[in-house]
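The chain below stands alone and is given as structure tokens, in the form predicted on its own.
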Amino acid sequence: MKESSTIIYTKANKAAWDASAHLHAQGRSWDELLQAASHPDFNVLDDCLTATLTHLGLAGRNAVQIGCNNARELLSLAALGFKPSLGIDQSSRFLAQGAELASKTKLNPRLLEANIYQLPTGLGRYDLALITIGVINWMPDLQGFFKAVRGLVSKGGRLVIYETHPILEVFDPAGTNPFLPEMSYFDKSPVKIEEAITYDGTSGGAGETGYWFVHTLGDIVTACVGNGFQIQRLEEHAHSNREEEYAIYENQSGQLPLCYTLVAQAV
């Protein structure tokens, strides 16, 4: 049977993340993360996301993170009173890092290697589902993605998305004129990512080819609502929550939205 384009793209993205994982488990930043994880108040979440999660009033409830990477954010939920129960990612190598961090925190969440479009049955339902920076852009099929997310959330449970704003995708911070749009906001073509994936703006060298998808904010909200969620709050922010090179777009007289928070309830 011929594989769908969704499965082809997600397999490629798994290979790209697995090939990049070693870059994130070395050096001073990794050593500092391991050390920080041993403290009972371990929390890498920024003030904006921390405030959003605290305001939900769901302390003591169980949580799942979709696209949990090395689980540092999932584990941070414990400091806010949540029970970090399940982290899902398709990169086994990042999940191995997550297991190492979890051993430092003395927490024991289930870390599941899985394609979000092919989740196993019996994963249970959760009172909080968390999606953070960069996850949505690796998803070729928004409708299928949010359908899978809805299947993980208890009725009345909350979905929190804290993501980079899609308008930033039209700009290149390393371009000759970083404030001049270089592509259409409405271009649905997958963008090839051929370098290893890093967070600090440094080059990781050649990597496996992955595919990045630019979804408009309207597409994201529509897919969310169309799959059993009711939007409670959508707030756009002037601060950047992505790689350091995007900080040049902060504090401008003509300010772009740089990231957003979406809070929705499962109905």
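Because the structure is predicted, anything quoted here is derived from the model rather than measured. Numbers for residues come from their place in the sequence shown, where the first is 1.
Quick note: we don't show the form predicted together with a small molecule, though the next part is all about it.
Contact check for E169: every heavy atom lies farther than 4.5 Å from the small molecule in the model of the complex. The closest non-hydrogen atom of W17 lies within 4.5 Å of the small molecule in the model of the complex.
Taking the partner from the other structure, the small molecule in the model of the complex has a heavy atom within 4.5 Å of a heavy atom of G67. Mapping the unseen interface onto this chain, L107 falls outside it, with no heavy atom inside 4.5 Å of the small molecule in the model of the complex. The stretch among 90-98, 149-157, 75-83, 172-180 whose residues place heavy atoms within 4.5 Å of the small molecule in the model of the complex is 90-98. Interface residue among I193, I133, L123, L142 relative to the small molecule in the model of the complex, by the heavy atom within 4.5 Å criterion: I133.
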